[in-house]
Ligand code: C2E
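Heads up, the chain below is alone and in the form predicted alone; it's given as C-alpha cells.
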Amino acid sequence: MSIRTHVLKFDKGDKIFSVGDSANCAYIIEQGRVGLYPLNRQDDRIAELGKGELLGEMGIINNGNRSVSAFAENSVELLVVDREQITSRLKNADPILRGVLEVLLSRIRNMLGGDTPTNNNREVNNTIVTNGMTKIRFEHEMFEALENDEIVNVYQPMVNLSDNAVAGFEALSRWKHPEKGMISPFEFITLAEESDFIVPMGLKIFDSACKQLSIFQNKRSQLRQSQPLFMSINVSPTQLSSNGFLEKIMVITREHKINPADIKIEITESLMVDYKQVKTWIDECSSFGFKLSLDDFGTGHSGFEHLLQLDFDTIKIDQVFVKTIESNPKSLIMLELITQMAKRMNMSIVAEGIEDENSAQILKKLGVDYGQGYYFYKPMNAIEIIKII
C-alpha cells in the first residue's frame, strides 16, 4: 500500500479494513473494485463496489466500528473522506434532517450488529432527534394556527413627515400560541420559509391585509380625506417564485376592490442574490400595477448595486441609521446622501425606527417622505387603526 496525501492505493488482495476496526472516515473509490466480506476474503462476498461509489460511509457520520471487512479485488485507489468534512456540515443542517439521519443510522447499526452507542453518544443522538421532532411538531402547530386564525396581522402606521398624517401601513404577522404565548415572527416566518408553508401563509396574510385596507380606505373616504391609504406587505422570494402567486394576489385585490397601486410589495434587501430572477419578479409585479419597496436598505453588502440594477418605487431606510442619527455624524451624512439619491431616482423614502421628535424633524428636513416607528404609532390591531383614522 502507498499513500499520496488523502489518496490510498491497494494491490489486489490487500485488506482495506476489517470487522471491528475503528471507523473514522469513508472512501470514494477512484479506481478498481472493492469486495465486502463478513469477516475475511475466504468468506462469501456480500457485495462489490466500483469506481465512484462510497465505501465505509458509516465511519463519517456515526461513532462505531467497521461491521464488515473490505478487500481490494484488483488494483484500487481510494480517496479518503474525513469525518470532519461531513460532521461540520451536518452540525449546520436542518435539525429535522439530522434527526431522521440519526434514527436511520441507529437502526442500521443495530441490524448490522454494531457496537452499542456510549451513554454520551446516546445523549447526543437523542438530543438531535428530539430537536428534529420538536421542529416537526412546531410546523404542525403552525399549520393548525393558520387554519384556526391564530396567525393574525397587526398594522403599523406610516406617517407623511410633512404633516404627520397617516399615509399607509405595514402589515406585520403575529402568532399568539394558546400555550406558548406570543411567538416571534422571525421564528415562525423562518420556519414557514424552510418548509414552503410560506406560500399559503403569505396568501392568507395578503388577503387579510387587503381586506383591512379596504375598510380603512372606506373609513377615510367617509371622512372626505382624499389622500389614498397604502399597505406595505412583506413578500419573500419563495412566494414570488411560486407558480401563479402574482395572479392569486391580483385576484385578492380585485375581490376587496383595492387598486394594486395602493399595495407596496416589500422585498428585503438581504434576500436578493439572483439579479436576473429578482428583475423578472419586479417587472411582473409592476406589470400588474403593484408598487415595489426595497426593505432594510443599507444593511446588505451591495445595497447601491440593487438600485443600479433594479427598479424600485420606494426604499425603506434601515432603522440602524435612524437610531444613530444623533449619536453618529456618519449616519446623518449617509442619510442625506441616500435621500438625495432616491429623490433623483424618483423613489419615495420611508425611515423606520423613529423613536423621538428630534429624529423625526431631522428626517423631515432631509426630505424623507414617510416615517414609521414608536414615536408615531406602535403596531395596532384593526380596531385601533379605525380609531386613529
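From a predicted model like this one, the values you see are computed outputs, not experimental measurements. Sequential numbering from 1, following the sequence displayed.
Below, we refer to the form predicted in complex with the ligand, which is not included among the displayed structures.
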The ligand is absent from this chain, but in the model of the complex, do Gly168, Asn259 and Gly289 each have a non-hydrogen atom within 4.5 Å of it? no
Test of understanding: in the model of the complex, would Met250 fall inside 4.5 Å of the ligand by heavy atoms? no
Should Asn234 be counted as a contact of the ligand in the model of the complex, where contact means heavy atoms within 4.5 Å? yes
According to a 4.5 angstroms non-hydrogen atom cut-off, is Pro178 in contact with the ligand in the model of the complex? no
With heavy atoms only and a cut-off of 4.5 Å, decide whether Asp296 touches the ligand in the model of the complex. yes
Region of this chain that lies against the ligand in the model of the complex, out of 215-223, 278-286, 73-81, 235-243 [heavy atom, 4.5 Å]: 235-243
Scan Lys323, Arg33, Arg66, Lys364 and let me know which has any heavy atom within 4.5 Å of the ligand in the model of the complex. Lys323
Could you check which residue among Met142, Ile205, Leu229, Val159 gets a heavy atom within 4.5 Å of the ligand in the model of the complex? Ile205
Scan 351-384 and note down the residues that get a heavy atom within 4.5 Å of the ligand in the model of the complex; none is a fine answer too. Glu352, Gly353, Ile354, Glu355, Gly373, Tyr374, Pro379
